[in-house]
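In the form predicted on its own, a lone chain appears below as structure tokens.
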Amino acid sequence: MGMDYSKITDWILREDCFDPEKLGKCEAVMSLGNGYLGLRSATEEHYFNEARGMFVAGTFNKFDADEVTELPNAADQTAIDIFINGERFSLSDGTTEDYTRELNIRTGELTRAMIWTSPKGAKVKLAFYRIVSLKRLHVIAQRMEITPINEEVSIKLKSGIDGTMTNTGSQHFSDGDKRFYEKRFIQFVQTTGQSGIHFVNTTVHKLNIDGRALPADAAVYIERRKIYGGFDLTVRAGETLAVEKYSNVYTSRDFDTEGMNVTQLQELSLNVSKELEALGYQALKEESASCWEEEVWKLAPIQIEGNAMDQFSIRFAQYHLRMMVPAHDARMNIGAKGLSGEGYKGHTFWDTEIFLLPYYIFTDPKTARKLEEYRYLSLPGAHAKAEHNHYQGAMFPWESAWLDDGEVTPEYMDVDILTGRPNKVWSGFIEQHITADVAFGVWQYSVITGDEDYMEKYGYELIMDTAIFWASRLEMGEDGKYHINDVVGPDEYREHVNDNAFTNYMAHWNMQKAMEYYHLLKDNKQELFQSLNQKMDLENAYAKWEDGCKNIYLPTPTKENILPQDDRYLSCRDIDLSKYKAQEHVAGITRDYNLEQINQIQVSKQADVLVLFFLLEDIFAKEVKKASWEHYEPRTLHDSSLSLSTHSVLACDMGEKDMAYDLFRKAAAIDLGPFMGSSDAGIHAASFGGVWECVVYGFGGVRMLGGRLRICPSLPEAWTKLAYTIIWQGQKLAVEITKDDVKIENLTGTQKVEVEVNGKACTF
């Protein structure tokens, strides 16, 4: 199996051959979704190595006491077993000609076609079509066409709902009510074991031959965790059997079904099935495609004149950025694999604030606000974590799931190559910069959108609550300075370090910002100030912030102008990293060294000091950024999908255009690249936000610094033009960049906009 990159157009991703041993790549990168549900693009027919998956946002469940909550793999409604003259249709058997599978990212439709000759010689043409509706969040629609070529054939179909799905063996559901209405509508109810969420799945089929409708009455089969219908037909050579299948899923956790009992959910799901059957596949496809056009391609168009693959890469990123985000519900956030696989259990990380949120802030502020409201709604879990660790304020979990789940980072993962023992995952205990990252996300959102309503209801409190945590986290050292000891910074190859530069500077920034907002509220919003003061004792907190900001240890550059990543990074030994820098697979160094040994080497998993420069670039001197870049970039292996994009943006700032472009291409290839195992557990959600940052922040030169908008482009040699739109404080700006010019137009035009363009202040 392989991706046919030579045939990529602006909108189509194509698979040109099929390998049943390598299914995960296309299942993930060609996945479909709408933010409510995500569907891996497993084929209709079954294969041994497949990983079928449908995930509904926010439906977290805990399999048993020894596991953390995860998004359960819900019942599969897409499988169709096909038998031609008694032989099971499988691309592993017989012979296949003219095979293609295509994802049209413009319309969100997946198609597949081939000519298949069975082992006994029956030759048929097959075509498959599938969407997850962007208009109707609960809906999956499919169409299948079978045309016998050389002889009349008997066709047997078995299709319905399969509730035997697991999360790598963990079964999250109990078997519930199974119904077969009017011999056509198949319904299956399941309930999650720990969280008690009801899932109601309903599917219906519609059949015709050359447009002549056939009775859709089916033979019914009910088994444990399965219900499906059977259809037996005879189709003459040259005739086309078309089967359309319309499925939907509703849960008792859905925002739009709140208060419904199971019976009411069943009735709703059944009625929706009848609506879908009446509409048909073509109408469902067209209305969904119209939503894609309005909600993505007209909303945030990006045009690259240059390499065709680059244009596709940014649009592919936008496709996944839309289908992964639960724009419908602020009670949930984006998982590290979106809704495309079981990886990271559907949990939310700092990825949202630092790598994903900017895209939504600059293109879809309403969705960005929901992502930010999620952090406020999950404050009880942050308070509980702080209290558990004997701190104050809001200490956000490293991995977040449902609002009241709290910390959901697994305690152990993988195996130490030397001892054979499980590696403890320290992130949930000591990777604490997430709390400052959440505060930074609040600030980014508020400044870029100007959404004062959000700040008054949620934002000021979040920034102050997180600052209270940092003040309680500081430890007085013998030098009379406050330190933050025993942490993991963004570079997760460095465990149990003290004074990680990113953590300390971001904690300082968080407390400083809280002090700034303290004065703003006290001087201008007395009623809100009094309310928050009563809630958080701000006057006492302010004294601690002031003391903390004045006395926190902030790592300073060496005489060579290198900012130390932590208290001992620069004293660790250097080794030849060329083998690992050139590796095709990530984490190659962990096959030669265990984590304790890696901790003694000057090597970074991902950007650390450099992501600090990316966020707070205006507080560091140019010579410090340059010297630190030259030191850390060669020592960074990019073993995290978050890293390449940060380095690409920074390379633009450093004037390293060729390197910036090379890093961008590598970031875009994390999921799109030729390595067939890279996406088996799901796509890399944050890397898609990173690709957008490469294009708009890096080459497009956009940056929000100190509350001001700056555009300082750095177009790569491979491009002749870059055009994009951003929304700045309610005004939509169209930016067009060529080698010689920058044009900016205010498409909204209701207020003046101040922008620094290539160092020059402009107002328009």
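What you see is a predicted model, and the numbers here were worked out from it, not measured in a lab. For every residue, the number given is its place in the sequence shown, counted from 1.
Quick note: we don't show the form predicted in complex with another copy of the chain, though the next part is all about it.
A.B. asks: Even though the partner isn't displayed, in the predicted complex is residue 720 close enough to another copy of the chain, meaning a heavy atom within 4.5 Å?
C.D. replies: No.
A.B. asks: Give a yes or no for residue 422: in the predicted complex, does one of its heavy atoms lie within 4.5 Å of a heavy atom belonging to another copy of the chain?
C.D. replies: Contact check for residue 422: yes, within 4.5 Å of another copy of the chain in the predicted complex.
A.B. asks: Does another copy of the chain come within 4.5 Å of any heavy atom of residue 70 in the predicted complex?
C.D. replies: The answer is yes: residue 70 has a heavy atom within 4.5 Å of another copy of the chain.
A.B. asks: Taking heavy atoms and a 4.5 Å cut-off, does residue 244 contact another copy of the chain in the predicted complex?
C.D. replies: Residue 244 lies outside the contact set for another copy of the chain.
A.B. asks: Which of 631, 375, 345, 638 has a heavy atom within 4.5 Å of another copy of the chain in the predicted complex?
C.D. replies: Contact check passes for 345.
A.B. asks: Work out which of 600, 150, 92, 261 lies within 4.5 Å of another copy of the chain in the predicted complex, going by heavy atoms.
C.D. replies: Residue within 4.5 Å of the partner: 92.
A.B. asks: Would you point out which of 176 to 184, 267 to 275, 610 to 618, 250 to 258 contains residues with a non-hydrogen atom within 4.5 Å of another copy of the chain in the predicted complex?
C.D. replies: After filtering at 4.5 Å, what remains is 176 to 184.
A.B. asks: Would you check whether another copy of the chain, in the predicted complex, lies within 4.5 angstroms of a non-hydrogen atom from each of 48, 64 and 224?
C.D. replies: Answer is yes for this spot.
A.B. asks: Even though the chain is shown alone, can you say which residues of 10 to 27 have a heavy atom within 4.5 Å of another copy of the chain in the predicted complex?
C.D. replies: Only 21 sits within 4.5 Å of the partner.
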